[in-house]
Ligand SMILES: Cc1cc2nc3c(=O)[nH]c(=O)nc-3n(C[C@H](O)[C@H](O)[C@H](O)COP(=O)(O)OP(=O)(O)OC[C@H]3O[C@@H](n4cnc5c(N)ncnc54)[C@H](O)[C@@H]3O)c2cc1C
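The form predicted alone is given below as one chain in structure tokens.
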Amino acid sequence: MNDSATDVLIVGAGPYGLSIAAHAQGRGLRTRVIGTPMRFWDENMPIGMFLKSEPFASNLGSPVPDRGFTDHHPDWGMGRPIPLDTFVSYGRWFARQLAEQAEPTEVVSVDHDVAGYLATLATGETIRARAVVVAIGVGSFAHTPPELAPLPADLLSHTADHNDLSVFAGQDVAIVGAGQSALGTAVLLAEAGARPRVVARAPELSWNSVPAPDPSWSSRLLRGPQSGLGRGWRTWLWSEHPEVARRLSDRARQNVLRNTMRPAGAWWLRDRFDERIEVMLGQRITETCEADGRAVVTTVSEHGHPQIVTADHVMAATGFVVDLDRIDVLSAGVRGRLRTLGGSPKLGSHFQSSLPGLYFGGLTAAASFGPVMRFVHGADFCARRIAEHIASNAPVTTAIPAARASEERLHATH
């Protein structure tokens, strides 16, 4: 026997989960959001971090006005980076505006039968849901290159494993990677008193240019408009019209994913990336091992010259790779019935998987909708599409109360 029933069960309470909840409630759908709001951002991002995205590209999605980051912080203009704790605070404020707030527990399992979906929570409650949305974020998909696998757990971690980098004060830390995560972590480690060394295949480091609104129509025509993913016509297309990316062939879309937003550091980080940080570029890791309690990393340059790096700890800043088998909240039976693109679920035009009523948002949707799904900026498009589709496939009995409660909660805060 089920403890309760709902129209929509949302697994995850990060930017995508909260945005989907807002749009679902706005359409009058009975909605349960399971997860502690912004938990991953609060516990797995390093203290002192700033967001790479511009303020206008950091809005969560809602059908109700005045809930964007730039609404909550109207003085936060373009070119002013957002501190991590400010964004977490905004996300939790957004969560409090929901008519039915996120529940700080976890979904243990989701199964499917002829009656729909049955979810079990860590509290022991079971929920019968007409639709389930998987919005678990990136935490489950932290990628560590196989070359680093021989290192023991106490000498190897991923950048997503750390909140307080001060524990590495006085230590030699090798950071593998050349993107924002690697460069930002290196700076924060140096500022925390560690001795960081960046080891990367890239022949040189790349830095984003300083963003600036351009009132000149001729410049906008030539350089392209500013969008959530940066400036340029192609960037604008993938950023503002992800439905176009979904219409591409799988091979073409994978090419877009690989070549849009290549690894680069934020413009505001460059001055802080100084002589405290050693850099080894053009290096391919060939072997790793432990010796005398330290990590030993062997690399070879593009010219074939070997080098050996020793460190107290190695940190992989090598991104996130979706693997459906890591979404263990879904039963093996459910996962086995899903069509895939590589390790990602293959999604229809409304983010629905090949199993009716099961939807995916955020990084898990990037293989179908392109690079914007890796960023907060894609949350509103994703949330609108999912809520619209779920609402259109069944009669809604709670539309007026849910919408009204949502608006009343918003007005009560102003």
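Numbers for residues come from their place in the sequence shown, where the first is 1. Note that the structure is a prediction, hence the values are computed from the model and not measured.
One more form of this protein should be noted, the form predicted together with this ligand, which is absent from this view; the next part is about it.
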In contact with this ligand in the model of the complex (heavy atoms, 4.5 Å), from 345-353, 367-375, 384-392, 62-70, is stretch 367-375
With heavy atoms only and a cut-off of 4.5 Å, decide whether residue 200 touches this ligand in the model of the complex.
no
With a cut-off of 4.5 Å between heavy atoms, is residue 358 one of the residues that contacts this ligand in the model of the complex?
no
With the partner left out of view, is residue 137 within 4.5 angstroms of this ligand in the model of the complex by any non-hydrogen atom?
yes
Can you tell me whether residue 320 touches this ligand? I mean in the model of the complex, with a 4.5 angstroms heavy atom cut-off.
yes
Residue (of 254, 307, 105, 286) lying close to this ligand in the model of the complex, criterion heavy atoms within 4.5 Å
105
Spell it out for me: taking this ligand in the model of the complex, does every residue among 148, 177 and 195 have a heavy atom no farther than 4.5 Å from it?
no
With the partner left out here, which residues of 336-371 have a non-hydrogen atom within 4.5 Å of this ligand in the model of the complex?
362
